[in-house]
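Read the single chain below, which is given as structure tokens and is the form predicted alone.
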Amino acid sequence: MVVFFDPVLGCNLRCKMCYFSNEVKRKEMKGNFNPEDLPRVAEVIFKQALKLQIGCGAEPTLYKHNVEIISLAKQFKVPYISFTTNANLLTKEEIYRLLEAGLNEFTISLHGVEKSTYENLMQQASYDKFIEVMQLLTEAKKQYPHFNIRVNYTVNELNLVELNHFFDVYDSFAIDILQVRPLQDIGGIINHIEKQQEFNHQFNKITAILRDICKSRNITYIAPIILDEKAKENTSSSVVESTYCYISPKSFWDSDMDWRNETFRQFSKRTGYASILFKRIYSKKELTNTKLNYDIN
């Protein structure tokens, strides 16, 4: 399975497209994962993980025990560990501590090419700090050449056109993966596209150019194949749902699992989890509903 871990429910920014810009939702997002429980989490779940993603909607740099999480993941042989962050609280010392512990990827949230757009959409963020961190990450590749720098760019009508100039600004940084994804309604104060048809046309035109530039630079490029809302039908997968493991201070994957007192094997035997999963894998519905709406180059 893939483990998504929010060790803290909080964020230092108020990005307009994110629920942390919503005052009501922000008040609900509180809590820190007890560091004393980390070894138990690793023993129960990390053994099953093909990937661990630290930071899934909250800001993990607010948590003080990320090195321990990564070290435990390595101890239990998790093949790939990613750290998703807005980068505004990262320091050189923390970057190197995380890499030394075995981190495989920094995923950096970026929602504007130009400073004015970046700081408008990512409220309380510093563009200058972001640039400084990108320089630090690029420099760190000299010592740790095998970790990936991934940029996630969430697009709306305010920041789409300036994607044309993405590599004019970020050419000097050692970006390995660029993912461009349109705005989705997750409860932010910006939650929809006003002129959808016009936006789709511009998006497809701009991202086609970006795809070619990335290919020429040996950068992996990820973007949706189809923007039409109807394309989201038939993309759900019960197998994906079953293997998506989300952990936070408020929740632990399957609510039926007594993770403090039983192992994954005991849980699987008690609930018939493995049998259920295999039945889902080979169902006709599953085989026709697992196409992902992403173009990866």
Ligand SMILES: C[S@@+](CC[C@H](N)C(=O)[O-])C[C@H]1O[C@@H](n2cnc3c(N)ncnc32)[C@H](O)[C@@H]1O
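A quick note: this is a predicted structure, and the numbers were derived from the prediction, not measured. In case it trips you up, residue 1 is the first one in the sequence shown, and so on.
One more form of this protein should be noted, the form predicted in complex with this ligand, which is absent from this view; the next part is about it.
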query	finding
Contact stretch among 104-112, 216-224, 165-173, 199-207 - heavy atom within 4.5 Å of this ligand in the predicted complex	104-112
One residue of A58, C245, M257, V41 in contact with this ligand, assessed in the predicted complex (non-hydrogen atom, 4.5 angstroms)	A58
All of C18, T154 and P182 within 4.5 Å of this ligand in the predicted complex, heavy atom check	yes
This ligand contact in the predicted complex: T85, any heavy atom under 4.5 Å	yes
Contact label in the predicted complex: L158 to this ligand, heavy atom within 4.5 Å	no
This ligand contact in the predicted complex: I186, any heavy atom under 4.5 Å	yes
